[in-house]
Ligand SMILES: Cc1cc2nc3c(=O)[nH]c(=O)nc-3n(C[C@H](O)[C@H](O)[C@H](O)COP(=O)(O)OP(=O)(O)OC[C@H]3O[C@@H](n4cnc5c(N)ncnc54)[C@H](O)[C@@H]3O)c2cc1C
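One chain comes next, on its own, written as structure tokens: the form predicted on its own.
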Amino acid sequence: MPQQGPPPVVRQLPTDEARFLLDLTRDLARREIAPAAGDEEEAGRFPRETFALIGASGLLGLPYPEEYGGGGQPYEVYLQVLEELAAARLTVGLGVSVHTLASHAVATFGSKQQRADHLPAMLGGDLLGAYCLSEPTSGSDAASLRTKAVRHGDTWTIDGTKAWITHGGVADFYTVLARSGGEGAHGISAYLVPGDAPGLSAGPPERKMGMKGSPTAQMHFDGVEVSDDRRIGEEGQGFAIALAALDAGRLGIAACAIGVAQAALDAAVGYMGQRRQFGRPIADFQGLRFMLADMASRVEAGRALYLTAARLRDAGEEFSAHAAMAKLFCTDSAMQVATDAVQLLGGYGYTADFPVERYMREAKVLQIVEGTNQIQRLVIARHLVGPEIHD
């Protein structure tokens, strides 16, 4: 008898609490997120109330300290929660990852007073964050950013434009990297900017191939003033803060990618057990079975890789190279698995009546965000053979 549905995902979890969190996430995803995901993405609707629900369920600040309202969970648990959310709807999973990224600077580099003042609302679901690093002329070359922060006593004035900002125009706070000193990486500082700050405005949302429910927009800073107590870390430390956040954020993207890949695999397995051609289920055809085997292998390998990187991070070990490997492999795998799922469904896979065409469109962006996969290859190679030599 051919398999009539996908096998359950087997999780290796460190505690009973972690297993409870995964069960809670699956239940929430099944009941509150997945049923309307396709329609809401087609309508371009941003699910703000879902983020509030996730926050109220204790899932919005999982990797951060309990004393500030976080979950106190290791990254290996947080990432598996993220995978489940992304499998239900990438707009939600990626949104939680971006919010975690935006909270990272305060949680990791903020003063004790800054953490006490800001983290409880960030992690409890009252606020939603965005991360402002890229600019129209500085994407992969982030150290060349031009947005300026000029100090006037105890106040900073920020001017410039940030680009490709997830949650742009709907976020309650923005973690902003701006040039406070000279050229290069050492002249950049980090700031926490309220979403309603005078002089801060959003451009029109980008018209994207996928993830239409997640607003992506330019953010314009026109004389935005923030007090010095909203500067995070030391002056000139901003680029180091950004890199530390991106290492962790790349793991979030990797987990989201495996969520999308798992959803595409599940859809393909379910379809192949039901669709009949030449008098038998198409799951009986060896060529198609081999495609499924390759898809499943990519999903499992990607999951193992991002969990290896997460466990290195949790142990306090160097994980930058593994984070880049996970982001590269998992997102490339998601694109391949989603493309194969469309192929396995044939003409139906190319229609919006089945979700695999959405998974394919969504998987593409994961190869681009938080460092393109070409940049990930550079990062990995530098860990192997050192930086490039320029004559």
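No experiment lies behind these values; they were computed from the predicted model shown. Residue numbers run from 1 along the displayed sequence.
One more form of this protein, predicted together with this ligand, exists but is not displayed; see below.
**Student:** In the predicted complex, which of the stretches 265-273, 138-146, 152-160, 223-231 has residues with heavy atoms within 4.5 Å of this ligand?
**Tutor:** Among the listed stretches, the partner-contacting one is 138-146.
**Student:** Residue-level question: is residue 216 within 4.5 Å of this ligand in the predicted complex, judged on heavy atoms?
**Tutor:** So residue 216 counts as contacting this ligand.
**Student:** Would residue 166 sit within 4.5 Å of this ligand in the predicted complex, counting heavy atoms only?
**Tutor:** Flag for residue 166 set to yes.
**Student:** So in the predicted complex, is this ligand close enough to residue 174 to count as touching (4.5 Å, heavy atoms)?
**Tutor:** Residue-level check for residue 174: no, no contact with this ligand.
**Student:** How about residue 21: is it within 4.5 Å of this ligand in the predicted complex, going by heavy atoms?
**Tutor:** Residue-level check for residue 21: no, no contact with this ligand.
**Student:** Report the residue, out of 295, 133, 188, 309, that has at least one non-hydrogen atom within 4.5 angstroms of this ligand in the predicted complex.
**Tutor:** For this set of options, the contacting one is 133.
**Student:** If you look in the predicted complex, which residues in 347-373 sit within 4.5 Å of this ligand (heavy atoms)?
**Tutor:** In sequence order, 365, 368, 369, 370, 371, 372 come within 4.5 Å of the partner.
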